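One chain comes next, on its own, written as structure tokens: the form predicted on its own.
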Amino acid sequence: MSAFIQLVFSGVALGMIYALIAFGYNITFSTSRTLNFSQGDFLMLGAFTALSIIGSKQSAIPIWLLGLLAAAALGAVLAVVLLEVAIRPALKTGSDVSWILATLALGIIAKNAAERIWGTDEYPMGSPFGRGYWNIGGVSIDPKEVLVVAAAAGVMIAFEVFRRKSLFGKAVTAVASDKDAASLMGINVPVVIMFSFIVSCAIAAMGGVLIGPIQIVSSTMGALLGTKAYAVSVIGGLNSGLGVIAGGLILGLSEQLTARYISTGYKDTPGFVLLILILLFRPNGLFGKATIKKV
């Protein structure tokens, strides 16, 4: 039983990482109806940036926090570049193909840059908790996984509180509901869209710091994580914050249970089978709402 509980907790931690990255997808989609398909590569750059500060051994909490902030700052800078190079030109022309290709191209550029700077090797990342485990009621819990769950939940809750309680957060909600109406009310829509991309990319970069101590940091780590996070967004619903948490937990738990009781070679299969089923029978996701287009 203790092994099963440990397995479930590992699945929850992995699912919360997926949910955190997917939450970034939701933020940009709600305000601009676009997605950053280089999100996973921004996560990878955030992980490498933090690794350069933290190192591969156990680090003091202030050093680890410095690495986290450095990754978030890099994500914010990359968001501005992404918006000006890939998103705004596409929004002006109304072309969906251009922003999809542009964000994919930026992801490839980011991966190549990481390989030039840090190489193609794999690196362990240190954490404030080292490599030990906590024994709670006979169950071995990895404190790094506890950190992932707490930090991911904290970031998503903090943004939701900001969105609901602050004046600028309500502006974000207004733009997400109707950009034209928000503009007529005096809201600076381009600034709100830029803010959403900065938050989204910063979250992705911080996600790399959270998952770095659990997995190996490499130039290829972001591709699969970004794809799975997008799957989580689709499963839960691209306009649902609750949906990304549910989708992340479903995907994380299914992977861990499949790897343990069937085969590690099939651990990615259940999540993508579910993705196909959702696209067939509930295209808006489990918690998503159908979009009404005005004509």
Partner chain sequence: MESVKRYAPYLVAIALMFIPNFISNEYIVHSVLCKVCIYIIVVAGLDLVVGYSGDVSAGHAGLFAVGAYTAAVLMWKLHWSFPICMVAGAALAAIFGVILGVPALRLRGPYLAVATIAFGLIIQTIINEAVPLTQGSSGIKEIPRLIYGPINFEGNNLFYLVYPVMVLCLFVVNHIVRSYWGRAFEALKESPVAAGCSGVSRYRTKLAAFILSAAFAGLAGTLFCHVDKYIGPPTFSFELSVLFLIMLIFGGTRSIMGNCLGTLVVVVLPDLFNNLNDYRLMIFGGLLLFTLYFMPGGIVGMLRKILEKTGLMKAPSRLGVPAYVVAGVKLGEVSAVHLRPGDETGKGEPLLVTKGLSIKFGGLTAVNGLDMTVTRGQIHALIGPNGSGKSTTVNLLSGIYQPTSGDIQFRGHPVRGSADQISRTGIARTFQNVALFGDMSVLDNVMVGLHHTFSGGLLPIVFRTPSARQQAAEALARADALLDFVGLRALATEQARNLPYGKQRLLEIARALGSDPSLLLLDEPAAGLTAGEIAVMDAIIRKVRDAGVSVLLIEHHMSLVMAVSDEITVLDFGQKIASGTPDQIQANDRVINAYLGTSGSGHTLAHAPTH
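Residue numbers count along the first chain shown, from 1. For clarity, every value in this text was computed on a predicted model and none was experimentally measured.
The same protein also exists as the form predicted together with its partner chain; that form is not shown, yet it is the one meant from here on.
Interface residue remark: Val161 is not counted as part of the site for its partner chain in the predicted complex, having no heavy atom within 4.5 Å. In the predicted complex, none of the heavy atoms of Trp64 sits within 4.5 Å of a heavy atom of its partner chain. Not displayed here, its partner chain is approached by Thr269 to within 4.5 Å at the level of heavy atoms in the predicted complex. Among heavy atoms of Asp96, some come within 4.5 Å of its partner chain in the predicted complex. Checking Val139, Ile216, Val149, Leu101 for any heavy atom within 4.5 Å of its partner chain in the predicted complex turns up a single hit: Leu101. Between its partner chain and the residues Pro128, Pro89, Pro143, Pro124, the one pair within 4.5 Å by heavy atoms in the predicted complex involves Pro89.
Note on the interface: of 233-241, 246-254, 64-72, 45-53, the segment with non-hydrogen atoms within 4.5 angstroms of its partner chain in the predicted complex is 233-241. Residues are counted as partner-facing when one of their heavy atoms sits within 4.5 Å of its partner chain in the predicted complex; in 41-59 not one qualifies.
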